[in-house]
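Coming up is one lone chain in structure tokens, specifically the form predicted alone.
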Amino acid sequence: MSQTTNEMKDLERQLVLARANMRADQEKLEQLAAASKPKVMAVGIGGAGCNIISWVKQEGVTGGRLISVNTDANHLSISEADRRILIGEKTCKGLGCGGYPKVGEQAMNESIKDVFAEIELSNITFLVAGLGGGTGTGGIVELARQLRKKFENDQTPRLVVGVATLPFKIETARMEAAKDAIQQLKQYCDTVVIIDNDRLNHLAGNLPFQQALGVANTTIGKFVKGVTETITSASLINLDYADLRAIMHEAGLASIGIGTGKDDGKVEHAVERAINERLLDVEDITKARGVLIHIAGGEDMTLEEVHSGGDLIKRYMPPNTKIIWGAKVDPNLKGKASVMVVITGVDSAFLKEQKKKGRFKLPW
């Protein structure tokens, strides 16, 4: 009887030990999963950048931290973000840059430690701004430059993605400032996603002016939100951080397109619109280095539809182009699909346009 009792006690001890080991293994796995999950930050710089961050904040984003940075204290006070930082308090006194990029650069440099304190642990950093003005133009370039310098010898994999809007071509001085900023951003960022406001005519030409400008903000917001959530949270098909880095690391200029479709063939229709309604004039799409596709649809969306959408993208691209894609179910999209396509490593005609020399002459 005593032997049987001892055997039962030994068995109980073994079970307790086994359960403890299982709990320890589970806790270790959860800790490793949490540690390996990429940290994503989105930094809006200047008025347009802060407006985009506010849009993402209002929509809600899972897995990313949102930061608004501005020299204009009044605008910053009504911006929505997880953290708001007034930069260049000594330089600008909270009154803005007056449209001077150099002042925006100085303001960012003055407050760089405050900004670094928020984003230095980030694996993926989106720098968001409207180009052509002061804070956004000077601030995004200076922050990108400082990040490149800070992370130059860092062993942690990093990805810095500039996301910016261009002014209208009629705004000549602002456009030249924007072009100069893009050339610098291409040196300091891994990828620079550009949205050309003039191409909004193809997408939103019949909308009122204010709403048309909002399309660009919404497009950038969807890009930041879509990539962040597909990498950091469970989706139908998840994007892997390593794959994302493979097509965006040192990839240069990128073009983005967003399309929608409904009913039968909704995903294919959305893909075609996203490809054909890109918000940057790309010289030759077949020379792209990589393509990121994000597909969202209602609970009625099938895996076959998602797969056919990916196949359609392949038809546009040469065989050696790296294509990564993610897909998620959104209950609000019943009977509909939304597709985002980001094409990296492209050239754009507008950057190659030479400045016209000589005095401007009136046509009469």
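One-based numbering along the sequence shown. Values in this document were obtained by computation on a predicted structure and should not be read as measured data.
If you look for the form predicted together with a small molecule, you will not find it shown, but the lines that follow are about it.
Exactly one of the stretches 130 to 138, 273 to 281, 288 to 296, 183 to 191 approaches the small molecule in the model of the complex with heavy atoms within 4.5 Å, and it is 130 to 138.
Checked against the small molecule in the model of the complex, the candidates 40, 301, 48, 327 yield a single residue with a heavy atom inside 4.5 Å, and that residue is 48.
Put simply, of 91, 217, 123, 111 only one has a heavy atom within 4.5 Å of the small molecule in the model of the complex, and it is 217. The candidate site formed by 250, 319 and 344 is entirely out of contact with the small molecule in the model of the complex, as no residue has a non-hydrogen atom within 4.5 angstroms of it. Contact check for residue 167: a non-hydrogen atom falls within 4.5 Å of the small molecule in the model of the complex. Within this chain, residue 232 is remote from the site of the small molecule in the model of the complex, having no heavy atom within 4.5 Å. With a 4.5 Å cutoff on heavy atoms, residue 96 counts as touching the small molecule in the model of the complex. In the model of the complex, the small molecule lies within 4.5 Å of some heavy atom of residue 197.
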